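Both blocks below hold the same protein chain, though in two forms, and each is given as structure tokens: structure 1 and structure 2.
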Structure 1
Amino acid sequence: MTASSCCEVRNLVKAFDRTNVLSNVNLTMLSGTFTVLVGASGCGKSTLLRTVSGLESPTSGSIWMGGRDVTALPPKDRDIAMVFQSYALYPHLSVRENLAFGLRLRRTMDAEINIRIAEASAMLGLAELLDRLPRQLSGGQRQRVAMGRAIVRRPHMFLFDEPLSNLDAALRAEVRVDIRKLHDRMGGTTLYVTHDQVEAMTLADTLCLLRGGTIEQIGPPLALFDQPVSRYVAEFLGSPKINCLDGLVVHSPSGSHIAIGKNTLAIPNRYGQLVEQAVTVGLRPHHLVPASFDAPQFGTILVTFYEALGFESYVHGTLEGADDTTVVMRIDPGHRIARGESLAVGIRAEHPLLFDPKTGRSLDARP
């Protein structure tokens, strides 16, 4: 483990009833960073977090924190604090008493407890709520109390297990900002689990996308978005999700291109050495644009649905001449598109991603 590492997961395997939920997972979290585990339901992200916390024991592999092997240690000896999806507050205790409960179990002096509660409540806007019971609080306030209970511990590491799932959309956005501000202010290390890609992209310093119990890709959020190693990563991140079109690399005396049905797409320079082969072309909705001088017409979309969201709009339609492949395109909200209208579209040539249609892996690594 390096000196800057806060937590390291080594060759972790976790099985339930002979079924591996996690398979040979390796993950290093540097001190002071915010790492987000994201993935579809059942991918193993919560199991990984619970194993790091000590709530689950690994089948094999090890967990290291602060340079020591903590695999066999119980949660209370790992210098961590957890915030769960359920607020897990004591309903008969006031906010102040909920915040103090864990400290009292550790026999912290009253003066120190008061200092820590004052500090946490000031951070989270709870100062006026300290004498209320949990039933007198909103969902967002209860989640802040749960966060405050973790803060007063002053742990080496914070673990969040889908803490915003019980909140409505507006509160999720608000508390999400609070969590990131809290992390930056305290300078701690955070491991956070979510299935929500917006939470994942906006909170993470390091994004770890799991698939079937293994790490599919790990890195800065925008690296996963812009340079996905697989079609799975490309489709998981982004809303609306990426358009994936079946294509064929064609070489001819007049040049090389990708044929998508009757439509042709210039091969981006980084893919110039591809042999004639089937490919899957990945295009984000914002990479499809109305045909223009700097985006020559690639094809025509027959509009089936127009989605006006105020700050942006999306056109849903079928790509003519490509077996009616469905695509989604983002356009300027000033445009008004009618169902049944034909729309000439172009592509920003530098943006298409190519994947192997058999393996789903990105072709960017090819020479």
Structure 2
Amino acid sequence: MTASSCCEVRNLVKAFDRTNVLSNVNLTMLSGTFTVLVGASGCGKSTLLRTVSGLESPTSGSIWMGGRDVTALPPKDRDIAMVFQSYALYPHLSVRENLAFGLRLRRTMDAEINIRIAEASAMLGLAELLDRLPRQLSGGQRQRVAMGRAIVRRPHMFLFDEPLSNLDAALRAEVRVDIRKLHDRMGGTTLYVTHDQVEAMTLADTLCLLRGGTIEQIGPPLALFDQPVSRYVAEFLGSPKINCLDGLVVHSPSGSHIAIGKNTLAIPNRYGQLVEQAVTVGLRPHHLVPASFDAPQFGTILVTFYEALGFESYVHGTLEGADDTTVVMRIDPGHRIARGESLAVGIRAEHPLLFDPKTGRSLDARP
């Protein structure tokens, strides 16, 4: 354990009724970093977070905080604060008392409590709401109170369990930014659970993608996006989803390429050892562009659907000569494309992502 690590999860296993929900999870959070746990629903994100908080105790493995083994400690002795998905405000207490609750239990002086409440309510814009009861607040306001309750405690570690999932989209984008700003200002360590990849990508210093109770990949968000270790990671991150095409690596005197049906895709020579092997080619929607000089034609798409979002557009279609595999491509909003049109597409990518079709693992041979 390094000096700057705030929290560490070691060999964690958690089972409910003999089924492992988490198996052998290892995770290190450095002091002051923002770690996001992301994954499909039911993959064990909340369970991992609750185990870190102390609300659940692990079946085996240990949790370390600030150099101490805290596995056996109850939540109140772990110096953490948590924001729940449902906010979990005390319904019978005013906003002020909700904020003060944890401080009072810790016998903080009244003057100090007032200072902290003033500070937090200024940060979150709660000043007018202090004397209301939770049931008199809107969803967004409740969410801010829940964050306020965490902030006033000034803990070493903040835990968030999908704090934004009950808000509408516009508010969600706004609060998302606020949360990151708060984190930077408070300087605590944050562990944040979400199933939303945009939140995950934008908030995280370290992104941890869980799959079926194990960590699929962990690292900076862009590393996961650009160098996914598996087709699962590649498909999970990015919207619209990455296009996956079945192909065969072919070697010819002019160089290596992948045959996708009748279409061919040139690849760097270093994939040479894959000759005659079936692969899955991952092409993100922005890797496909209308064929041009820079991007010579790779195939033809028969357009089945066209989405214009204003700042960009998506074309859904089937790739001709490749068993009509469906693909999505991103184009600039200036283009006008109609359904039924045929579109010649080229590829603008330094290197396509290649996966083993059986295991889904990345075949990327880069050093």
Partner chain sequence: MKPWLIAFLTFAVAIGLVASDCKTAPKNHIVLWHAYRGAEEQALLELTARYEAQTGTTVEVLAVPFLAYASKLSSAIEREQGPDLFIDAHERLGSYRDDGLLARADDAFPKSDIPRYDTIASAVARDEDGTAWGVPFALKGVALIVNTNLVKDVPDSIEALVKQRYDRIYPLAYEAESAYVHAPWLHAFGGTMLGPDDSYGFVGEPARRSVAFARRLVSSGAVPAGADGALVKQLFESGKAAAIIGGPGVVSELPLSVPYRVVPLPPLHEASLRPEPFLTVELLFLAQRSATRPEVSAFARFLASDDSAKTRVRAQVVANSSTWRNTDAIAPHLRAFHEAALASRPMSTRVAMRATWEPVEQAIRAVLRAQSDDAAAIDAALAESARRFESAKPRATSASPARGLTALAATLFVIAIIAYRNTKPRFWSGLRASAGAYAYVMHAAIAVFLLVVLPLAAGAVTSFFSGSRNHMTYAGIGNYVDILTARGGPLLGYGSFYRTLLVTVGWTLINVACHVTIGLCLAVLLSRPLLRAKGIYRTLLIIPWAVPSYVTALAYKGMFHQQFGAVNALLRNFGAQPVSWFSQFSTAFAANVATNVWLGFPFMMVVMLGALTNVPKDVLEAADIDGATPWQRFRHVTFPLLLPQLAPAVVLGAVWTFNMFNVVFLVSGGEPDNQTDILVSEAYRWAFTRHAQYGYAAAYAVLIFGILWLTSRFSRRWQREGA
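FYI, numbering is relative to structure 1, first residue = 1. By rigid core we mean the largest C-alpha set that fits within 1.5 Å across both forms. Treat the numbers as computed from the prediction; the structure is a model and nothing was measured.
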Taken from the structure described, the form predicted in complex with its partner chain is structure 2
Is Pro91 one of the residues whose C-alpha moves 2 Å or more between structure 1 and structure 2 after the core fit? yes
Core-aligned Cα shift of Pro253 between structure 1 and structure 2, given in Å: 3.0
